[in-house]
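Below are two forms of the same protein chain, given as structure tokens: structure 1, then structure 2.
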Structure 1
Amino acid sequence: MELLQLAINGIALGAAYALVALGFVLTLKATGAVNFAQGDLVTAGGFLAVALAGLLPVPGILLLPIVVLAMAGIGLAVATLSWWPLRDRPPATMFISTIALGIVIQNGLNGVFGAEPRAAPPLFTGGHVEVFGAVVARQSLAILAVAAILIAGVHLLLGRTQLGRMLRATAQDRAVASALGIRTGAMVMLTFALAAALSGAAGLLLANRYFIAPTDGGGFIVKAYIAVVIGGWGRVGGALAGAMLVALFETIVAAWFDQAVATGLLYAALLAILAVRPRGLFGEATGRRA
């Protein structure tokens, strides 16, 4: 029963990581560069939820739409500052600009809220429920349910709407998409907004059960990066699966040993996977794109 409880908690954590990894991949495919501020947007979403909770003493589920919309706006600001002026430069330029922007976000949060970890309100009322004999926190199940709804929403947006088709066309080949009349610049900006909204939602989901500090952004971007590498570089489905594997590994190993051992073994497992499967567990064949 203890293993089942750990597995459920790990899946809930993986669902939140999956939101971050999904935003990571969307931005990567749209720009060809890694947005290293993605992890700091998670912490920004968490602290936004903390600030809103001080003004609106309501459950986290009611704060979630506000956080998502506000973070989408912040995503547009990130794109305006870190991508738009540099959109014709090599990808390494965006690496540097997003790292710098992430540092600005981190220090801004530290200046406003202080360095101590903070907690956002739970999505619903607290307590525990029994699942097949294992006692599981309601918050873990709520995280899993909300993340699943958000991921399904993104899937429907990308697969069933005209806007989604334009976003995917821009990600596949910006030059061809532009020749077809798609405003590719606007599509990339929207991708940043969507990725930031997902990261902000993850921040709210994580800030209650796991707490959040201004310096946590680096850890989140590393977890997302590992999930994307394990899942196959640039593959959306692989990134989601990779996020689940990372969280399950981290949760179970940390319960048996401690967090430091779990982190060290996670990096060791990553190196082992890359040695055997350089394109990741779900990597695509050379020359193909997801």
Structure 2
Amino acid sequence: MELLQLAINGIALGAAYALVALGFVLTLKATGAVNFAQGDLVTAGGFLAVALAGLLPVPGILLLPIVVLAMAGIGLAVATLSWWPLRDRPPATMFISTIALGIVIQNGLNGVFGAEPRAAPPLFTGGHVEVFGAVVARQSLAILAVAAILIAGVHLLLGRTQLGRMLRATAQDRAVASALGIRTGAMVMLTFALAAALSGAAGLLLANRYFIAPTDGGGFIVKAYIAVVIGGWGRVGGALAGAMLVALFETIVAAWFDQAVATGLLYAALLAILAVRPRGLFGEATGRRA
């Protein structure tokens, strides 16, 4: 029963991390560079949910569309500030701009909301249910369901729509996509919006059960980075699998070992995977690492 409880918690946590990792990969594929502000966008989404809950005391699921839309707008702002002016520069310049922007977001949240951790409302209701004898938080099950729906939505968007095809074409080869008449600049901007929306959703999902503080962004970006390296640089499916692995180390592996040892084992697993499969579990989709 205990193992089942741990597994459900781990998968729910992994599902939320997967949203962050998915946003990370989408931006990486579109720009060829890492958006280091991605973790801070998760905290921004969490705090947005906290602020909205103060104005509209409704369950989190009703706040989710507002958070997603608002975060998409913030994603456009992030792209305008940190990518657009530097779009013809080497990817390393976006590193710096997104790190700087992440610090601005972090300190902005600190200034507006204060430094203390906050809790967003639960997606539906709080409390627990029994699943095959294991006591499981309703929020964990809700996180799992909502994250699965969002990931499936992104999969459909990218795979089944014309917009998705244009986004993928831009991510694969911006020069060719441009030659084919695709407005690649707009596609990259949209990718930032989509990535920020996913991060914002992750922030809302995590901010109830696990709270949210302005300084949490660093932890999220590290987990997303590990997930993407494990899964294969630029692989969407790999990032999701990597995110799940990170979360399972935090829960299942930590059930047998000290938390610190479990973290050490996660990094050891990362090194082992890179030694055996240098391009990650599913191979690299993005040739250059930035």
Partner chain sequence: MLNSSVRRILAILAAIVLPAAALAEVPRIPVLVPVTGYLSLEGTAQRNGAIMALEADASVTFEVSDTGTSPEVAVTAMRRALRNTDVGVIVGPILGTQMLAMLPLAEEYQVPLVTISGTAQLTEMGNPWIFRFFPGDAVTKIAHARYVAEDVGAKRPAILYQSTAYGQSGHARLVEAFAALGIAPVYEESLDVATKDMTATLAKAMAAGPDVLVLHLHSGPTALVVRQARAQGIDIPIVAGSAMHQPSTAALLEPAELKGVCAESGSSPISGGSPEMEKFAADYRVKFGNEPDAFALAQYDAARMLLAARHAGATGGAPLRDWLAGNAFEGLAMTYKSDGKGNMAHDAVIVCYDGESRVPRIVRRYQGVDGGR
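Remember, it's a predicted structure, so these values are computed and weren't measured experimentally. When a residue number appears, read it as a position in the sequence of structure 1, where counting begins at 1. Here the rigid core means the biggest group of C-alpha atoms that line up within 1.5 Å when the two forms are laid on top of each other.
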Return 1 or 2 according to which structure is the form predicted together with its partner chain.
2
After a rigid core superposition, would you say the CA of Gly237 moves by 2 angstroms or more between structures 1 and 2, or not?
no
Cα of Gly32 displaced 2 Å or more between structures 1 and 2, core superposed?
no
Taking the rigid core as the superposition reference, indicate whether the CA of Ala269 shifts 2 angstroms or more between structures 1 and 2.
yes
